[in-house]
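Presented as structure tokens, the chain that follows is alone, the form predicted alone.
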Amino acid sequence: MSRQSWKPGNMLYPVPAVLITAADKQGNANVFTVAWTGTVCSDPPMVSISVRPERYSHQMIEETGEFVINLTTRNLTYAVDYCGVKSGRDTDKFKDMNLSTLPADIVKAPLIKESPVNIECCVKQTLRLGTHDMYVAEVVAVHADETYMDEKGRFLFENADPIAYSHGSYFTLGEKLGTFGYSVKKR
């Protein structure tokens, strides 16, 4: 099998496709899609998102230093795509996509009720990296929909039918292949 050598590029796929909510100091809120997000640290819990400066919500995050990562599901796929291609400058995407909002505990940005998990974040560092600014943020609160919890209180995200994004397409995650540590577990 031969291999082609390509110019440098972002080939780390699939990635989560999440809905980010942000609000300015006056309480005007917006929702937009981000596929460049991830875990940074577990103690303290920290995440990152990368946002183009021309995005409408960029100035909101700059102004407040806050945002919410709302995880997405198969049922939210259409909204995820719409919120990634439409601008909040031109339309109310919450209304257009029938997304319900809930107040957050700590940040001003709203939670999306239809999301199985909402992660409230406060920016600790901004890295200006070229086409995108990366916001490294501390997780200050997490909200989980009880619909996806088992009788022991464990959250079963796989039951929410989460989605991922790869090379311009949205995918469900498919079947579970193993659990952490299964390769060394005694049988």
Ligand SMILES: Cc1cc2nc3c(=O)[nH]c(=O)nc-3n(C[C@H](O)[C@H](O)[C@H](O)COP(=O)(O)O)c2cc1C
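A quick note: this is a predicted structure, and the numbers were derived from the prediction, not measured. We number the residues from 1 along the sequence you see.
What comes next is about the form predicted in complex with this ligand, which does not appear here.
This ligand isn't shown here, but in the predicted complex, which of 138-146, 64-72, 122-130, 48-56 has heavy atoms within 4.5 Å of it?
Among the candidates, contact is made by 48-56.
Considering non-hydrogen atoms and a 4.5 Å limit, which listed residue (134, 160, 40, 35) is close to this ligand in the predicted complex?
The option sitting close enough to the partner is 35.
Can you check whether residue 81 is within 4.5 Å of this ligand in the predicted complex, heavy atom basis?
Although this ligand is absent here, residue 81 would touch it in the predicted complex, with heavy atoms inside 4.5 Å.
Would residue 87 show up as a contact with this ligand in the predicted complex if we use heavy atoms at 4.5 Å?
Output for residue 87 is yes: heavy atoms within 4.5 Å of this ligand.
Even though the partner isn't displayed, in the predicted complex is residue 118 close enough to this ligand, meaning a heavy atom within 4.5 Å?
No.
Using a 4.5 angstroms cut-off on non-hydrogen atoms, would residue 108 count as touching this ligand in the predicted complex?
Although this ligand is absent here, residue 108 would stay clear of it in the predicted complex, with no heavy atoms inside 4.5 Å.
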